Ligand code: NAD
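Next comes just one chain, in structure tokens: the form predicted alone.
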């Protein structure tokens, strides 16, 4: 069993991005810019945004956060998005989710210029992903693919199972694996016999936010297990969706939580922002 060290890999990628940012500044006088919209006072969202801002600073990427109260109107957020779409110094726009319940999240995300959609949530970019065309790919699934690549794990011809069917993680993850010629199962809350699907998987990717969902008996011997879930227990500790202690001995490769997929998500956000800056006209 080998642990996939997302923390070390992400550090290496961020260092490479910092060098590319320096070259872009030198050759084209362009400083990549990322704007974040943060609504409300959710502690987790604030923590994520703070981590993203720190990573941007270390990579030489300009970042700005638009903090808004939880009771802000739909139109005010939309005005901010339109303003950032028009700003030539902003290459990427990120709306920190979830948004308050009175906000139409889909409408907000679709208002972002697809060329600045560094989260890859716009229907335009999602459509390009599904058809195998170049575009912006959601950061977490993209990070998973980079991890597989770094550890020479080729999905081609493998049976893959994705547990979780969200637009942010599950669906794009399945599309990326399919584009890499894996045979893909997608499971969700209404799947009848989850274990029947997970036991067949050579590559098992889990991201639903339920601690201990995947147990030892649900995993094939020698499987690659990627745990995207992150859950805080009552004692304050962070765990994934996989019962790591008991599942790990059966795996060929497994990601820990924390220190697995999480750091890669932020690294891919920087990578997407750099990509957008390079495509500036």
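Just so you know, these numbers come straight off a predicted model, no measurement behind them. Numbering follows the first chain given and starts at 1.
Just so it is clear, the following notes concern the form predicted together with ligand NAD, a form of the same protein that is not shown.
Although the partner is absent from this view, residue 137 stays clear of ligand NAD in the model of the complex, with no non-hydrogen atom inside 4.5 angstroms. Not displayed here, ligand NAD is kept clear of residue 89 by more than 4.5 Å at the level of heavy atoms in the model of the complex. Not displayed here, ligand NAD is approached by residue 188 to within 4.5 Å at the level of heavy atoms in the model of the complex. Proximity of residue 150 to ligand NAD in the model of the complex falls outside the 4.5 Å heavy atom cutoff. Of the listed positions (248, 49, 37, 230), a single one reaches within 4.5 angstroms of ligand NAD by any non-hydrogen atom in the model of the complex, namely 230. Comment: ligand NAD is not present in this chain, but in the model of the complex one of 168, 84, 77, 109 has a heavy atom within 4.5 Å of it, namely 168. The stretch among 24-32, 60-68, 38-46, 221-229 whose residues place heavy atoms within 4.5 Å of ligand NAD in the model of the complex is 221-229.
Judged against ligand NAD in the model of the complex with a 4.5 angstroms heavy atom cut-off, the residues 125, 270 and 274 are out of contact without exception. Residues 207, 208, 209, 210, 213, 228, 229, 230 are the members of 198-230 with a non-hydrogen atom no more than 4.5 angstroms from ligand NAD in the model of the complex.
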